[in-house]
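Next come structure tokens for two forms of one protein chain, structure 1 first, structure 2 second.
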Structure 1
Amino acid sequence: MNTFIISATVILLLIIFFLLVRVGSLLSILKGSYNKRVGSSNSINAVLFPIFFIVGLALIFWSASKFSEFYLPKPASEHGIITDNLFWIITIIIMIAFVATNVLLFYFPYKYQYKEDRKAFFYPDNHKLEIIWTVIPAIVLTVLVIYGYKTWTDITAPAPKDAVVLEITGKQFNWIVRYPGKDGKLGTYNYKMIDATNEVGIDFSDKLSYDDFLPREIHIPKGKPVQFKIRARDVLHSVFLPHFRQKMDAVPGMPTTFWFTPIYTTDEMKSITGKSDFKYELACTEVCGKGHFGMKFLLVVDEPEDFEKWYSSQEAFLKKNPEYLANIQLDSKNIAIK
């Protein structure tokens, strides 16, 4: 509230100052002393340019420091560190260019302010300067594009063969997660088999589906690659894991994927953030309808041994829903029940 009052007061004072200057100009016209008034007004405006620049730049850095707690959280994946490095390199380069160009932009009105005995110098072009401010940005941008392309290819490269694989399906308005069983391979799916219980359409004609399970929360191991296979059941959704710097759209009819390696367990992030109730969260960042706000799913990063214990304790979908056994071959039923 205090910040709002201070901001409103400053804005009001600036408006009053502008109106006073305007009134003074109009009075000068009436008195016939407009030329002198123009010279005085230009001097004032010329001085205000560098003042506004210095104050504005100070406010930019102050706000950047003041509200740094609202930046993206500490990266919790190897890819997140790479992404953040690229972001800060680009930000620093942009800030250098921004400050340099604006120093000139605000300094020139002060240096070349109106004076009665000053005449403008006709300076149509300078090929050397044009080459310099064309070549240098081109080189910088080329380096950034190459660096960004390398970062992007690292992030979107095929997942390692030993990656933990799970499937995420988005639907209005929740996420459904499916893991492969002990065989480590996800079974196929068929949209025609979707019903109130089999929400992702697990195809039980594929034996690899027999031991697949659908947990109530995501568990992944620290220090091991994890691959998310993503799809949507109805409309466009978007898988977003801010701590891992991962975001990928879930598109109906077009499966997508990404992989990453978590580097901090949930318990470690509680210590790092100082928040005892810290939780990793999967959110939807694509407005998918009136229930979009509720599309959240808890994600837990475990130590590898804890992950194995959790993984081995999960029951297959078929074991929880034996009515689907009627749809598979008789010699496979015992496999599914185990």
Structure 2
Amino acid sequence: MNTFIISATVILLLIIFFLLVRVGSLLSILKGSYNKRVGSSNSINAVLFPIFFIVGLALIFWSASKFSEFYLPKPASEHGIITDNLFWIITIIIMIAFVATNVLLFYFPYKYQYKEDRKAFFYPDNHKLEIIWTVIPAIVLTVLVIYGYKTWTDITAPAPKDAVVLEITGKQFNWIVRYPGKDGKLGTYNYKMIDATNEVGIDFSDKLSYDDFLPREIHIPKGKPVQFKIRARDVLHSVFLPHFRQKMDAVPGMPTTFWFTPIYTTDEMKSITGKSDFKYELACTEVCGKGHFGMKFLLVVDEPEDFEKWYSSQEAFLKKNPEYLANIQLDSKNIAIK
């Protein structure tokens, strides 16, 4: 049935096109417009350009305000405020350039549509004009580069020494997060030690790993720098925190990192956004296979004291999985059990 409807529609359309073309050419033979340079359609096309522009521009402004509540969610990190500012500044600049160039682009076709009795103006070049419109964009861009460069170097500078550190590992198709525990230092890892339980290959011959813990949610303190150490164990992934304006690829065999300072707790965001169920989310933005779109992880920003409480209440991986103690040499077992 479907096939029939589709083929019938196609055939009908073909017939309509055919008739349109036939009738059209007969008409123009009748009117003798084959001998003219342009037909009446020329002025119709000429008018359509400015109309297109005006209606289009109106739609742009209308939609930009209609959707403004959705796009660019409130930045929740220190640098996010700066980059958002930069984003809007440049957006305004390019909107000005957009409108200025398009006004001319769509007005000229209307204004200079073909007239039998007019001759176009022979105007092959004008060096002064060309220099001006090369130099102006160059200057504007230089300013933008400088501004962007400063912001970029600030964001990508090495993390402060006192930053809260955590490790996040991407795998098909979820994330595994590891905190360093009480000693504040992550133990080493080796991908050959990965198994079904020890999913990130923690190397328990390293004493620093004894107190590492792997929670189901990320918690970070408000107002303190937080450093993510990022890696992947199978294919590329990418850690994306839309609210914090942070993103970094997770690369197998090449650890990467970013850091930022959160400025709103989850609770504060609830009242800011007016959503009682607001949650910070982490998404994967590098295609990694079938389940790429489902690699969500939750993140909570706590007040520093709550964070401390949460942190010390977490149980170390070794405590939960004592079978890994077997791999540890006797003399250090005592430390590990503690």
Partner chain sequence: MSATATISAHDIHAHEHEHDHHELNFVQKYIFSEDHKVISKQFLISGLIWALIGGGFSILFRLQLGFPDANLEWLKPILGEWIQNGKLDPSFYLALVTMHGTIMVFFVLTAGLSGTFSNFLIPLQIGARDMASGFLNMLSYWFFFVSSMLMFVSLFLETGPASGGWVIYPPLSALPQAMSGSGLGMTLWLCSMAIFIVSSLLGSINYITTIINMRTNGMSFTRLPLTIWAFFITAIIGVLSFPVLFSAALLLVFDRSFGTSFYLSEIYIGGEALHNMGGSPILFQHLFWFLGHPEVYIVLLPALGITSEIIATNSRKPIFGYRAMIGSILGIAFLSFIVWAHHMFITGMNPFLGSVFMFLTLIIAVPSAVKAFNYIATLWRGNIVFTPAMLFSIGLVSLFISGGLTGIILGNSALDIQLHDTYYVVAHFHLVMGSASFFGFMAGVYHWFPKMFGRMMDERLGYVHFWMTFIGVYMVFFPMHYIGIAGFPRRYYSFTSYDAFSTFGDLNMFISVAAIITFSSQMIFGFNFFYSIFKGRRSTQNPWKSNTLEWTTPVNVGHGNWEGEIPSVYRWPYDYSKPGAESDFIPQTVPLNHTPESNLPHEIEDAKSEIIH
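Please read all numbers here as calculations on a predicted model, not as lab measurements. Rigid core here is just the name for the largest C-alpha set that superposes within 1.5 Å across the two forms. Counting starts at 1 and follows the sequence of structure 1.
The form predicted alone is structure 1, not structure 2. Comparing the forms between structures 1 and 2 on their rigid core, the Cα displacement of residue 190 stays under 2 Å. After superposition on the rigid core, the Cα atom of residue 310 is displaced by less than 2 Å between structures 1 and 2. With the core held fixed, residue 48 shows a CA shift of 2 Å or greater between structures 1 and 2. A C-alpha shift of 20.7 Å is found for residue 14 between structures 1 and 2, based on superposition of the rigid core. When the rigid core is fitted, residue 119 shows a C-alpha shift of 3.2 Å between structures 1 and 2.
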